[in-house]
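Same protein, same chain, two forms; see structure 1 and structure 2 below, as structure tokens.
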Structure 1
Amino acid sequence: MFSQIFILSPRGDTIINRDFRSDLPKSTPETFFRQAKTYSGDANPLFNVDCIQFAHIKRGGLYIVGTSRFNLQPAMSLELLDRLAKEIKDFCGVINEEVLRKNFILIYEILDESFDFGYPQLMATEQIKPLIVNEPIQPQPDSVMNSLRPKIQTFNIFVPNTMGSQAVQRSVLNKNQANEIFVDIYEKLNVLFNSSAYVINQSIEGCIQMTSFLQGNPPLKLALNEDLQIGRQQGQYSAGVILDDCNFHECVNANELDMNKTLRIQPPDGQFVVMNYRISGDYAAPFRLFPIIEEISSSKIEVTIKLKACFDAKIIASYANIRIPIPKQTANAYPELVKNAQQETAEYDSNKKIIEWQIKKLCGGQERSLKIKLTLQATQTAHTARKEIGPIAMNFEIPMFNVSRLQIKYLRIEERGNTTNPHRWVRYITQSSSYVCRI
């Protein structure tokens, strides 16, 4: 298994370096950083330099790296690093360079409890919590360092910006914590339209995620739709919610799922995914895009894009961003919104040759449209250039909405002590994962 685990800053400085087996040279972090920098984009997650195997993930701009000399198990290794990152996040609230530098002693302690001789032992926050003696040090929120540091743009599909993510960014060690539990149903949509708005491929990847701050970790019972069915038979159509496949966290007992659609959960502290599921069946896509391309002359093209929100009018998408790649030979582009457009912007990025159309709020049933006037350079004609337009990619988030209709009927806290009734928060969030319209 792992010989060393180290965490490097984006510049390659060693923040954490724990050597479990002393069978690799001390200079291994440098070797790693050099090699990782040779890739043009993101480095391959697994590579090998002089018979040293490197597995790494990138979180918050930091490299979290495990090394080994053996034929290690890549899926397990990457999962381990990911869990480690989650553990650190559970303890410290967030992962970034400053927090790690402040808490390096704590992180060494976490590492020592989680791994022995490079083999994972206890990798769950609530299991190691009693063994940890150090307290996390929170970074100064308004320190000079913070304001000077450029904000790293990370697009994390699991951190919604619909609700203040107080649950996510809080450390589990917080003393006077409220007795509460958050249950989120996230669904990420994967839809591919062809140019006539016909769906070519679609799927849903969803998960039920819990963030538990329950005192005493009492067992829970979670009930799902009664018409839930797991496993899809060929050619079968059913009115119920059909999951193609699902898998569970190890704290979940799914024996009763088939019978009465309930899960028994022994919740650990902090954030964990109760269940992942996958649906490949048809569903009504929440947004439809209608692109129209017209060749006005041999050097001018007009692109009109209509967007329709096909969901209930009570539901409001918190944002919808649309990116339209346009031909490389574009001399100029003018995106035009309809008159009186509110909470909407459209901009042309002449370096990337992309039109960014951003809509801040969109109610169900509404329609929006955008017209783009392109002028081409003399070297290309409109006829060949039009093929370079697209595909249109869309990012959005719709709170309190899910397309699969998977629902939480109830969440019962069993063996509740004499404490007050804990708060239970349930929310539904639908996001785009890959929502693309070809032209």
Structure 2
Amino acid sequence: MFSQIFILSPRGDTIINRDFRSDLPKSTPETFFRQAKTYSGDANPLFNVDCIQFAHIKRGGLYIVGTSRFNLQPAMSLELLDRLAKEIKDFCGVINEEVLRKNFILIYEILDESFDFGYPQLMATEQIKPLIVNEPIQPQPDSVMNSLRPKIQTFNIFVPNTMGSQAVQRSVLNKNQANEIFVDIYEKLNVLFNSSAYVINQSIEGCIQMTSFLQGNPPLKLALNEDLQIGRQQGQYSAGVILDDCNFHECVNANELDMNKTLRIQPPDGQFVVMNYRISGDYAAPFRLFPIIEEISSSKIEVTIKLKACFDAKIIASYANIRIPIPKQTANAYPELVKNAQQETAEYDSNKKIIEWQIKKLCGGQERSLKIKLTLQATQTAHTARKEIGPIAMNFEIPMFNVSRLQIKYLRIEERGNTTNPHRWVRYITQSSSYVCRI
């Protein structure tokens, strides 16, 4: 399996380095960082340099890397690194450079309990928790908040500016913490529109995630919508919530899901995904894009893009980012916002030939518009250049909103004689995965 596991800072500094087999050069972290920086965006999760296999993930702007002289199984390698990151987060409360430097002894202890000679051994928080001796050193509150700001783009199931959860800074080793459990329903949308704003294809990838700080880990009962249905039949239409398919964590008993719409859970310590699900049916897309292209002259084009928020006015999207590719032979581009536009900007990147339109906050029912004036080089005409405009890609996040209407009806402790009443926190977050409008 892995010959080495190391963690690098965004600058390439080695924070943690565990060499299990001593069969690779000590300069391997430097080799990885040089190769990762050759990519224009994020580096590929797996690549090969000088017959060394690298697998890595990014968490909190840090590179968590596994290496081997032999071919790595891609899915397993990334899954193991992800589980290691979750263990570190469960014990330290948050993953950032300062926290890892202060808790490096604890991190090495987690590594030694999780891996034996590079092979996975105990990859769950509840398994290694009784074996961990060191206590985590908690960072100052200001430094934690600084680490949560989206200075560095990292891809997780959620983007860096996701609405913060109260569970984000907790450690499972904190004996004085409150008796609480946090439940998050995340949904990522895949939508493809044509130029008339009609949906061509759409789907939802979602999950129910829990972060448990319950004392004694009592069994739980989670109830979902009464109109929930698993599996879609050919030509079937239903007003309820239909999941095309789903899978569950090993601690979940789903025997009563079909009849009672309930799940019985024996929660481990820390964070885990209760259920992953996928929906491919029709649903109301939260945003609509309306692009209009006008040929002003043989060398000038005017593009108008209208954005409409198609959800309740009480709901507010925390951000929206729209990227519009323009022709490569563009000489000048002038994005113009409407007069007195607030909390939005539009910029032209002449190197990438992209207009980036950013909206910091958008309430339901609102409409925004952007006008782009393009001047082409003499070698291209407006008629041929208009074919190079688009497609428009949109990224966004909407807190306390979900498209599928999947709901948590209640969450109860099933243990007899347990008179405690822990705090339960539930939040809903909807994000874009691939939200594209053709022109």
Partner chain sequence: MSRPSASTSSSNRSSRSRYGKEVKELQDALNQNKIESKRDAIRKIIDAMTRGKDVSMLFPDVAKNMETSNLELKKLVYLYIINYAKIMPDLAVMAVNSFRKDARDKTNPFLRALAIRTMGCIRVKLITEYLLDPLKESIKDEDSYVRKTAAICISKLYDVSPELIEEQGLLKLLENLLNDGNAMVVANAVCALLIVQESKGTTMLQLNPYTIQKILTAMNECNEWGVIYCLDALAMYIPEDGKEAEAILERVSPRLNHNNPGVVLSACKIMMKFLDYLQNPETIRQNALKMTAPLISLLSLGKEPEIQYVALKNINLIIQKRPIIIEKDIKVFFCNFNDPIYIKLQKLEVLSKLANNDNIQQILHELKEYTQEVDVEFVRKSVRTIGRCAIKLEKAAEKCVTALWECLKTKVNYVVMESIIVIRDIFRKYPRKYEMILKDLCENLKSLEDPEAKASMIWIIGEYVDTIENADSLLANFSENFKDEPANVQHQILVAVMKLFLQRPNDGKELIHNLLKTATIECENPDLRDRAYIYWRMLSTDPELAKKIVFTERPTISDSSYTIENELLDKLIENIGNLSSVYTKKPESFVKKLRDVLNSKIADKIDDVYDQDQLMEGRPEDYSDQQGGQSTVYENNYDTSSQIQSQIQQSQIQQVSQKIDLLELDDNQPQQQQQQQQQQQQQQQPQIQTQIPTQSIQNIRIPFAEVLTAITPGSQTQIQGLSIEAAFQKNGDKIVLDLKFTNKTQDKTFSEFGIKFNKNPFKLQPDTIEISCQPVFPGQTQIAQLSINTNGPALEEPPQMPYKIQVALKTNLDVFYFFIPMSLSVLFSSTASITQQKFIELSQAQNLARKQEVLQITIDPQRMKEKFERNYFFLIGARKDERGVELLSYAATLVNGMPLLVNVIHTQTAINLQLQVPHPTLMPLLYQAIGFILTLN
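What you see is a predicted model, and the numbers here were worked out from it, not measured in a lab. Between two forms, the rigid core is the largest collection of C-alphas that superpose within 1.5 Å. Throughout, residue numbering runs from 1 along the sequence of structure 1.
Taken from the form predicted together with its partner chain is structure 1; the remaining one is not. In the core-superposed comparison between structures 1 and 2, the C-alpha atom of Pro335 has shifted by less than 2 angstroms. Annotation: Cα of Pro267 displaced by less than 2 Å between structures 1 and 2, core superposition.
After superposing the rigid core, the Cα of Glu388 is displaced by less than 2 Å between structures 1 and 2. In the rigid-core superposition between structures 1 and 2, residue position Val65 carries a C-alpha shift of 5.8 Å.
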